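There is one chain below, alone, in structure tokens, taken in the form predicted alone.
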Amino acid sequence: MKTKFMFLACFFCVSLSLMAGDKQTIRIGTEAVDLIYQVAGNGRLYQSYLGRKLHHEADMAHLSLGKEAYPTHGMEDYFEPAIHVVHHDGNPSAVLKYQSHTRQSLSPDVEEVVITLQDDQYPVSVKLHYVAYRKENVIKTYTEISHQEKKAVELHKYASAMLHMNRSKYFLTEFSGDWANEVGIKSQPLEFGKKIIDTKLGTRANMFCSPFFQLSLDNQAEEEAGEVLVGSLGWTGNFRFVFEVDNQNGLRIIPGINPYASTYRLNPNEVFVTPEFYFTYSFDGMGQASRNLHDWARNHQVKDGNGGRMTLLNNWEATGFNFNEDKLVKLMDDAAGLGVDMFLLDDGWFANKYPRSSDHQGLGDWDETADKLPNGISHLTRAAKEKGIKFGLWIEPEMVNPKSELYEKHKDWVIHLPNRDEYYFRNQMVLDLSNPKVQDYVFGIVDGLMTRYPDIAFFKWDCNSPITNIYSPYLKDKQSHLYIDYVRGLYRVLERINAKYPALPMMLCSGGGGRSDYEALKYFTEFWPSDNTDPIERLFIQWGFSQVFPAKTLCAHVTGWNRKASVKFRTEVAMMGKLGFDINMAELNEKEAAYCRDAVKNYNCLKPVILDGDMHRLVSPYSGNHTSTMYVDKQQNRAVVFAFDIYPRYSENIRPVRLHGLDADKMYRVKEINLMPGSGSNLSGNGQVFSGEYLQNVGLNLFTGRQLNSRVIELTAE
């Protein structure tokens, strides 16, 4: 009977390519969502449906045709196209007709569908790829474009996908800001016309806006209610999202590389592969959409997504550029005493002709500064090993200071305009990764360090400048390829590093959160959300990034920013991500130092819950003077709740906070942890046992009227 059932299930999956009336139907589905295409009598492909899963096969016949799946420039469509190709004879149009599709299982819960479209007059082929992650309710889509014309064709637009929606109202949430003010959450209704979110910065592409969005349908979605589509583009360069509402209130969503200054000449038989676009569709609000993406990221996308993460102590705040071997070894003692896993040496350790004593010089010259580190990195890795901790290192391999030996020897490796004065962002310029020799050089930085010093356990890979002086000496007459070929060159370098050092963890940093995309996170275990480590600001920044990224990818450090907040408050904000310290431990008093040591122990015990559990955002910092977030393990046996009073008002009416994600029938013991030495808990209900039902319907009195107060509450099922 079981065998028969499995056969019927497999037959059903195969038969999803079926005839609905006279229209062939192609279904891409997860446990909760269906994306359905139909081939019309004219041979063209249309999106008929995107929404809640349809469980009755007979209903397919009633679906309307919908909108063209991947519309082209130059024909009868009046709105933004997905593709604009100019053929070798100058014809700027295309008509893409269905040729075939394939379906294959990549794993028991992952299926890929590839739909091939062909121009009916020219040998131009477009393959639409869809990868459905059944359990996580995430769909990944990207496009391959190729041709066999006599000469090169020009690609003026080349979207990763197009999605169509047909609802009464649309509400778009974008995540924008600036350095030290990343991912500000801003929402607006979409009316007739276009809303574009894009970037033209080249490298530090996400400095002003992030490559992800939330789209609420019919009504503004809430944390635990409403329909919302959340999308993200995997591209570590210029991106663009176009949201266009047409005359019938239909919405088309067009994600992809920003085509600005990026017309691409595609040679015969060359395949142009667009970035991957990932989206999830939630019927239970923004929280469920986030949990979908978090699970998918850990299981399928992020490097070592289900592995551990190291706590660390960084030297930057204690020393800046002013350090030597003795200072660093002393800081390693602090790291070991604190109980963290690793000591991270930040900027300032390299270059000799132009020693890295500030950010004005030295980038590009990756030999240790002799008077700072006379015994080299090997002395530091040995010292760390003796103290029982790992050693990590800061690098910025894509960049160069004009005041450097590399610039003097290889100006032809630097992106710069001929016959123009050079413009510097943060006193530096960008190396030309479209050039294979530069790719070899950048790979060689990491490879050389790892070869000489194999005990390096971690790299913080920074990227502080956008591309300025936009011209590639290498590309010559193909300058419109620079933005694209730069990113492809970066990926080639990262592929080589990952192939040779597959277990090497790295942090993605770009002057803060200037790089935060899922393609880069194939090669990095985590990223630096912001240089702003003020704990109040971090509550907002981490809230924003948590919409799309799991906690284990968000580096969160305890620093000296905003000393009005206690060390306890600062530490507990950082514990909601991948915990690190960038603080001068010598400035802490005895109680504060003891608290930090205990907090590290508590964090290590809670890592499986925080880093791999389900996140539930309970109270938004945008909603008032308090905020709270909780994490629940997958078995619903353990949970941890973080609660913060920011600036409560006098005589404010403070209500209990209802928890989420618990098993209603389990009994949970409530315990406040992370207390300052010598202090006790005044949490109502501390030490008592409550049902999950009670905690989710009645809640706990988490908040107080005290300014900059924080609490950490552990829940354990009994």
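Numbers for residues come from their place in the sequence shown, where the first is 1. The shown structure was predicted, so the numbers you read here are calculated from the model rather than taken from an experiment.
Heads up, the form predicted in complex with a small molecule isn't pictured, but that's what we're talking about next.
- None of the heavy atoms of residue 432 is located within 4.5 Å of the small molecule in the model of the complex.
- The shortest heavy atom separation between residue 528 and the small molecule in the model of the complex is within 4.5 Å.
- In the model of the complex, no heavy atom of residue 403 sits within 4.5 Å of the small molecule.
- Although the partner is absent from this view, residue 489 stays clear of the small molecule in the model of the complex, with no non-hydrogen atom inside 4.5 angstroms.
- Partner proximity in the model of the complex, defined as non-hydrogen atoms within 4.5 angstroms of the small molecule, places exactly one of 508-516, 292-300, 277-285, 594-602 at the interface: 508-516.
- The contact with the small molecule in the model of the complex, taken as any heavy atom within 4.5 Å, belongs to 464 out of 143, 464, 236, 542.
- A heavy atom within 4.5 Å of the small molecule in the model of the complex is found for one listed residue only; from 149, 346, 136, 534, this is 346.
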